[in-house]
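Just one chain is shown here, as structure tokens, and it is the form predicted on its own.
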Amino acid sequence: MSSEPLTRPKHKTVAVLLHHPISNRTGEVITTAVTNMDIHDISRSCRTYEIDHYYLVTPIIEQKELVDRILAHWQLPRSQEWHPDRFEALSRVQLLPSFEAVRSDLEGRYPGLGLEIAMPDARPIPNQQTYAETRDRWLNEAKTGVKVLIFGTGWGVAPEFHSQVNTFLAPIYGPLGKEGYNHLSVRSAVAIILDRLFGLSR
């Protein structure tokens, strides 16, 4: 067995879960609710794949207060003692009121580095890239900027947000392809996408 120390991947990547602006089933722009599972499950996936930071985005004050209470609990010394893995994952979570606030925070975290905004969509839309080609390109660009992965809730990120996206990623299909069932939870989709982009198995 190799005795070489483990090193963090060279990629600089953050994940963003948008709760606004989101489309509902009729195409109206809405704000969805943050769930406890959004916080815990996605933060654990982000920690597993060495994602630097995980942002939740909602403008609703009551939702911020809820998230703050949850995160405060996991910042307690006894939480760190009893659940160190969960404590570590949740230490990367932050809630902000808008994607503009996320951009501002990233400029402070990574001064001088450009952002590539990448967003998967369950719907086929023009110019979507495969995960294999995106993974290979990002490996070659590991030191050139910050990759920002956008995930949506509800019936998907509202089209008004699309102008901010640089790279659209392809839908996740099961064995029946686009004709099969295509309604994964966002938590499952995040885990699959992170594995395709950053996992050791290809």
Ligand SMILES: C[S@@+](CC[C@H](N)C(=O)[O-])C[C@H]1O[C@@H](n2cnc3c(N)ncnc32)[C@H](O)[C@@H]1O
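Numbering starts at 1 and runs along the sequence shown. Everything quoted here is computed from the prediction, not taken from an experiment.
The next section is about a form of this same protein that is not shown, the form predicted together with the ligand.
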I'd like to know if Trp155 sits close to the ligand in the predicted bound form, meaning any non-hydrogen atom pair within 4.5 angstroms. yes
Contact between Ala191 and the ligand in the predicted bound form at 4.5 Å, heavy atoms? no
Although the ligand is absent from this view, report whether Glu116 comes within 4.5 Å of it in the predicted bound form, heavy atoms only. no
Quick one: is Ala122 in contact with the ligand in the predicted bound form, heavy atoms, 4.5 Å cut-off? yes
In the predicted bound form, the residue from Phe151, Tyr49, Tyr55, Phe161 that sits within 4.5 Å of the ligand by heavy atoms: Phe151
Proximity to the ligand in the predicted bound form, single hit among Ile172, Ile60, Leu139, Val29 (heavy atom within 4.5 Å): Ile172
